[in-house]
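Taking the form predicted alone, here's one chain by itself in structure tokens.
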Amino acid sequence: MIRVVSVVLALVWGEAVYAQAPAAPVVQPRVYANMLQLMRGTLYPQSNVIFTAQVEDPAAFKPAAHQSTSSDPFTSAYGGWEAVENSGMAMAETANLLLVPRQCSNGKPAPVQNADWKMWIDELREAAVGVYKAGQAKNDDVVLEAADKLATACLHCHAKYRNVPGGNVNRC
């Protein structure tokens, strides 16, 4: 009986000590790219895969001689329809990066706190998941529909935050 009580007390004391332990500090992600660099380095190449799949059959691409170093996602080791799937998932993940505070290319803070920005990022993420599913379906019609939703999501944000039409003024 004394042993049982000792074990119970040790467990209770251990829980109390654990509960008082300081929490690990929250590490904020370090930002390296401005919004334009992020767009050009990630979303632009990902969307090109998706938009190419609208007009060319991903399965028709012949694998590159050196698949592991191919710069063309369709001819790489993860080419064909898998390239479409991967671009959809990469785009969905990249949507998270569009919510991280960073500078625009013009030096102004990106509008990541704006309600419309957040809404359009959600729309982008949803469209990107649709692209992933289209890649899994390996169906041209499904890709067309998914790419249309993606283009619409991009257009919503670009219409407000991208370059002013007819000028070089960059809103973000």
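In case it trips you up, residue 1 is the first one in the sequence shown, and so on. The structure presented is a predicted model; accordingly, all values stated were derived computationally and were not measured.
Beyond what is shown, the protein has a form predicted together with a small molecule; the following relates to that form.
With the partner omitted here, the stretch from 137 to 145, 100 to 108, 65 to 73, 22 to 30 that lies within 4.5 Å of the small molecule by heavy atoms in the predicted complex is 100 to 108. For the candidate spot formed by 39, 43 and 158, every residue has a non-hydrogen atom within 4.5 angstroms of the small molecule in the predicted complex. At a distance threshold of 4.5 angstroms between non-hydrogen atoms, residue 124 is in contact with the small molecule in the predicted complex. In the predicted complex, residue 47 approaches the small molecule with a heavy atom inside 4.5 Å.
Contact check for residue 61: every heavy atom lies farther than 4.5 Å from the small molecule in the predicted complex. Under a 4.5 angstroms non-hydrogen atom cutoff, the small molecule in the predicted complex lacks residue 53 among its neighbouring residues.
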